[in-house]
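Form predicted on its own, single chain, as structure tokens, below.
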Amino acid sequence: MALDKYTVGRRYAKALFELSDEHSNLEATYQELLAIRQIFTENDDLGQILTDTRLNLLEKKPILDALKQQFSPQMQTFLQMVFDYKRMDDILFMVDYFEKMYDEKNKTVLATVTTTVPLTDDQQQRLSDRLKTRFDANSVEITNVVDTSIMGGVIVRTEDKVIDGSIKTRLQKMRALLLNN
């Protein structure tokens, strides 16, 4: 039975995370994975080229070696293992899941905040402080999305929660209450 990319990504990321945590180099590993994400994002066929049959092993080796030389011995070993098991096209899933575990360990909340106008720096800071308290987080990273269709208010989305304080939703709830009476 073939494993899907998400399952593969979780397994490899979890193993790397645990190893990095055990050796107290979690931050360094995370920074290297961010660099790997950038390389694989800028060269979107790289994972497939290093996995599929377009090139033979002798043609892939210099590409892999050039990639590995930029990183620590631990990351070089990781990249070699991923390559050996023909999983280079799953590397971005691995990076994403590692980042998720890293954020959880560091109590970082990623929030997408939808408003009708862009938040000022002061508004963003006050909202960040409130979300830190609400989610018991050490830090909150806010991505502000502007959507005039919400009419006003704010919608906060984290990985597993939605706080909808938009005027549009309030009006819809009020309308539903009036229609049910």
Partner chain sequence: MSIKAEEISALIKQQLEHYDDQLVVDEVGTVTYVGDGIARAHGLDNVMSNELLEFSNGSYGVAQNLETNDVGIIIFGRFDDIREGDQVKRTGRILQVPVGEEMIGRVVNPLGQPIDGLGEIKTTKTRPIEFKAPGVMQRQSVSEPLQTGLKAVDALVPIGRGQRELVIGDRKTGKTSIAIDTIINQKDQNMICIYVAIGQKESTVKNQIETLRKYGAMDYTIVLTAGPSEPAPMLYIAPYAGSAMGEEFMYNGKHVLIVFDDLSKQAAAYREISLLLRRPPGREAYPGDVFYLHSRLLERSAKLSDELGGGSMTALPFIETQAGDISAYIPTNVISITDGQIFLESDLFYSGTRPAIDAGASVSRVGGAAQIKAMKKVAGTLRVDLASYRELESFAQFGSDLDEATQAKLNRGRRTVEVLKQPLHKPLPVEKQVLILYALTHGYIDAVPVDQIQRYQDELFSFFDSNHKDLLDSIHKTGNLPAEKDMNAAIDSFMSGFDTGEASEDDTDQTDAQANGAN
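Worth saying up front: this structure is predicted, and the values here are computed from it rather than measured. Positions refer to the first chain, counted from 1. Here, rigid core means the biggest group of C-alpha atoms that superpose within 1.5 Å across both forms.
Unshown form predicted together with the partner chain; subsequent notes refer to it.
Enquirer: Honest question, do Glu59, Lys68 and Pro73 all end up within 4.5 Å of the partner chain in the model of the complex by heavy atom distance?
Expert: No residue of the spot touches the partner chain in the model of the complex.
Enquirer: When the contact criterion is heavy atoms within 4.5 Å, does Lys14 count as touching the partner chain in the model of the complex?
Expert: No, Lys14 stays farther than 4.5 Å from the partner chain in the model of the complex.
Enquirer: Applying a 4.5 Å heavy atom distance criterion, does Lys173 contact the partner chain in the model of the complex?
Expert: Residue-level check for Lys173: yes, a contact with the partner chain.
Enquirer: Considering only heavy atoms, tell me if Arg157 and the partner chain come within 4.5 Å of each other in the model of the complex.
Expert: Yes, contact at 4.5 Å.
Enquirer: Looking in the model of the complex, any heavy atom of Leu19 within 4.5 Å of the partner chain?
Expert: Result no; Leu19 lies far from the partner chain in the model of the complex.
Enquirer: Need the contact residues for 18-39: heavy atom within 4.5 Å of the partner chain in the model of the complex, sequence order, or none if there are none.
Expert: The stretch does not touch the partner at all.
Enquirer: Taking the rigid core as reference, does Arg11 move its C-alpha 2 Å or further between the shown form and the other one?
Expert: After core superposition, the C-alpha of Arg11 moves less than 2 Å between the shown form and the other one.
Enquirer: Ser20: CA shift of at least 2 Å between the shown form and the other one after core fit?
Expert: The answer is no; the displacement is under 2 Å.
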